[in-house]
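Presented as structure tokens, the chain that follows is alone, the form predicted alone.
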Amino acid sequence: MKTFTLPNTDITASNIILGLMRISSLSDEEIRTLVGSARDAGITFFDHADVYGTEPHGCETRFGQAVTFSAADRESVVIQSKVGIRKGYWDFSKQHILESVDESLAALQTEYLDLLLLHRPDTLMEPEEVAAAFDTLQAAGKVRNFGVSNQTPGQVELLKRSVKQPLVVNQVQLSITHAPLIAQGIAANMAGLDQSIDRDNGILDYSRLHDITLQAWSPFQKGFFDGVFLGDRENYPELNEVIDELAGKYGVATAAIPVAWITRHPANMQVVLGTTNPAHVKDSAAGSDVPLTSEEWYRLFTAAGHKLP
């Protein structure tokens, strides 16, 4: 498992993250097995959000009830959560951020978050309120680092004008088949080609230029929760054929190849796995160590339907 230091932090973390948005119905033993399997695979990074679960902080509560870290263990893992999504609206007010973080800490049974991300962009956000909330949380030792999720460079810049702390992470949707943040740059300035349309104002290049680590959620999704492409031979026959071939070459499960496609990129991205199956965690996490060549990376890219002009 590859690890790296997140820029502008003292966090050394795996480039694979275990996402825990689906654990609310699992038993304590199932959660412990899932987390244990992740750690056995080398994963040290765990992703939460206040909105995950059938009720607010539901998955955080289940995690806190099931998993107990010693002081040494807690320092060896990274716990990240997100704030801002409420039922029917988004809320980046200072009051909500502070209240939600306190509730997350209580649910997770931890004294601090290594990272707090602002979830989906709140267009009614007052940057000064966010800055005040971040200052309060950092001064109290409740949150050590901060970031965003699903935000454009312009939205990040707006926050940076008020926020003192570095914004070190942007969590975004990315898979081989849902890759506009990569594909657009490859087809830039190609008139008449949908792939050339800039849909995010250059998140990829902006993040690399400003030392912001991209975290890829839904690494197996065809599009926006349209199902997985892995094994979908009706809609993605060529892609699955190439995945099968490369999995055989590298001696890994097919799930490792889509992960390797993301981690191979020099932007040094992290991949968020959302499975609750311990075997799938192990199979997917193996992609961290698969050294795809440039030719293989582009074969997967074009097999997924993207163009090389």
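Throughout, we count residues from 1 along the sequence that is shown. In this text, all values refer to a predicted model and were calculated from it rather than measured experimentally.
The same protein also has a form predicted in complex with a small molecule, omitted here; what follows describes it.
Within 4.5 Å of the small molecule in the predicted complex, a heavy atom is found for none of Ala38, Gln65 and Phe69. Only one listed stretch (90-98, 212-220, 151-159, 188-196) carries heavy atoms within 4.5 Å of the small molecule in the predicted complex, and that stretch is 212-220. When the small molecule is considered in the predicted complex, Arg264 lies well away from it, no heavy atom lying within 4.5 Å. At a distance threshold of 4.5 angstroms between non-hydrogen atoms, Val228 is in contact with the small molecule in the predicted complex. Taking the partner from the other structure, the small molecule in the predicted complex has a heavy atom within 4.5 Å of a heavy atom of Tyr52. The closest heavy atom approach of Asp47 to the small molecule in the predicted complex falls within 4.5 Å. Comment: the small molecule is not present in this chain, but in the predicted complex one of Ala260, Ile43, Leu273, Ile243 has a heavy atom within 4.5 Å of it, namely Leu273.
For the options Ile11, Val290, Met21, Leu300, the residue carrying a heavy atom within 4.5 angstroms of the small molecule in the predicted complex is Met21.
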